[in-house]
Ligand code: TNX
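Here's a solo chain for you in structure tokens, the form predicted alone.
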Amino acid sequence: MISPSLLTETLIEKQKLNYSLRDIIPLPKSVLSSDEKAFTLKAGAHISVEPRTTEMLNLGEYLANKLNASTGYGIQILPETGAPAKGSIHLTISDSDPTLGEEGYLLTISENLVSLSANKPAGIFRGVQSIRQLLPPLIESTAVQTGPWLIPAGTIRDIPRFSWRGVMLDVARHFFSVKDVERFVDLMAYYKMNRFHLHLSDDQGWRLMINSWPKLATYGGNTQVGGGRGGYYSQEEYAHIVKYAQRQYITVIPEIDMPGHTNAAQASYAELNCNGVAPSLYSGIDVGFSALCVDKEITYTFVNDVVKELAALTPGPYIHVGGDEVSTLSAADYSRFIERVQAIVQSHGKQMIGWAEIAQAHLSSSSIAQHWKDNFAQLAVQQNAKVIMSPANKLYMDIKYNDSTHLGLIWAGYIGVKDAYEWEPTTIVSGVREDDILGIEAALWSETIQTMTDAEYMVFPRLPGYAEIGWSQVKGRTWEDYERRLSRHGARLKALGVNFYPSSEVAWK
């Protein structure tokens, strides 16, 4: 029985909080609120980790850094193990609940302690994002703010629905710096996304140094849409991006688009063209006009060299080979090319991913087709290959919100915030069932996106909804509840400095 005085005090605390455990995005699988008083993060608080491995200590430091900038408390990691101190945050790896899997976590908040446990460090990292979201929005500020820093009491048990929750950034149409990419990764991580697809080459630019074919970057990387300066990543810079993402438990998937979308490569090396003549560099946005010469053996030497270097730089298991919008090759030539490239990718210890057109070729069951339009995904699952869902009319973030959006394209219609949320991956392509789907991936093509400020405007607030579709169970999710939670995230996005689109579909708080 709760005493009347304690009940009144608890209600006052909840009024101060003005939010609940259910305000997290993506929505957790299980939320149990408590009538206990809220946890208050105070000066002198500590973070303890168990076991005291380098990885767990790094996770503790990550959380401490996120909290210290805004609180000014100088929170530190306790130097030894033992019973967690009152008023502290405890992070622990435990194998007591194997159903939590790789990314699940259990978060328990009481008046005296925040306890986060998981089977794997990735689960701790995902749970840390929930802790951040349960604190007041100004916790994300880079300047010291005034508290109180309250977390509502209760228990969250959370497991993702899909293992693949991705975002693609096109750095080929417009180039983005390493710092821009780090910012993009940070914002993905906040909403528990775990796959980062980098579109590294296209007609307008080649964005990664390949030591065996250096002109791809030094010449083919010279331009971008509109004729700007372009740019490319050194191998050291690319490796830095990969490691930066790894620290946030995000796998990088590099894409070298082929056999089409290859003008930058063909302009760099004339031998990749059937006529032996290099075309001019290109800065427009038309598609479908370029293709590697699939009858030349030098083409496969080129592909092998590129994949070999890329595989050595990429610890993740995937190489994306594009395969979309090839209008200059016969079906037989296209399939023959994809099958040879698949063998090359596999010879370097990687799984091939391609846009779903690759399913017209004979696919290994380990290859993955990424659906974006049409029904090629059906052909993929008939070959026992898995599918990533990226329907353009739902998940392409370069598509305008509405007819007044100043950035973006309209070839796939419009995608408002509600449209981006109200769809179900298992109903997109007939014959593609949940067991066939690895997950979802939202894509930001950059024909009209020149800066990270532009990117944030088109990505947010759609990305949180995509994160929820990928992570949360279908049961219990509604637009009305999501809109309420998203409205409260406006203040968080502002504290994070995100240039988000203030959609009129959301009653921002």
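In this text, all values refer to a predicted model and were calculated from it rather than measured experimentally. We number the residues from 1 along the sequence you see.
Keep in mind that the form predicted together with the named molecule is not shown, yet the notes after this line are about it.
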Interface residue in the predicted complex among Y396, W149, Y233, F176, criterion: non-hydrogen atom within 4.5 angstroms of the named molecule = Y396
The named molecule in the predicted complex has a heavy atom of only one listed residue within 4.5 Å, and of D324, E237, D333, E309 that residue is D324
Answer yes or no: in the predicted complex, does the named molecule come within 4.5 Å of a heavy atom in every one of W372, L409 and E447?
-> yes
Where does the named molecule sit in the predicted complex: which of 344-352, 121-129, 409-417, 158-166, heavy atoms within 4.5 Å?
-> 409-417
Please run the contact check for H261 against the named molecule in the predicted complex: heavy atoms, 4.5 angstroms, yes or no?
-> yes
Does any heavy atom of V287 come within 4.5 Å of a heavy atom of the named molecule in the predicted complex?
-> yes
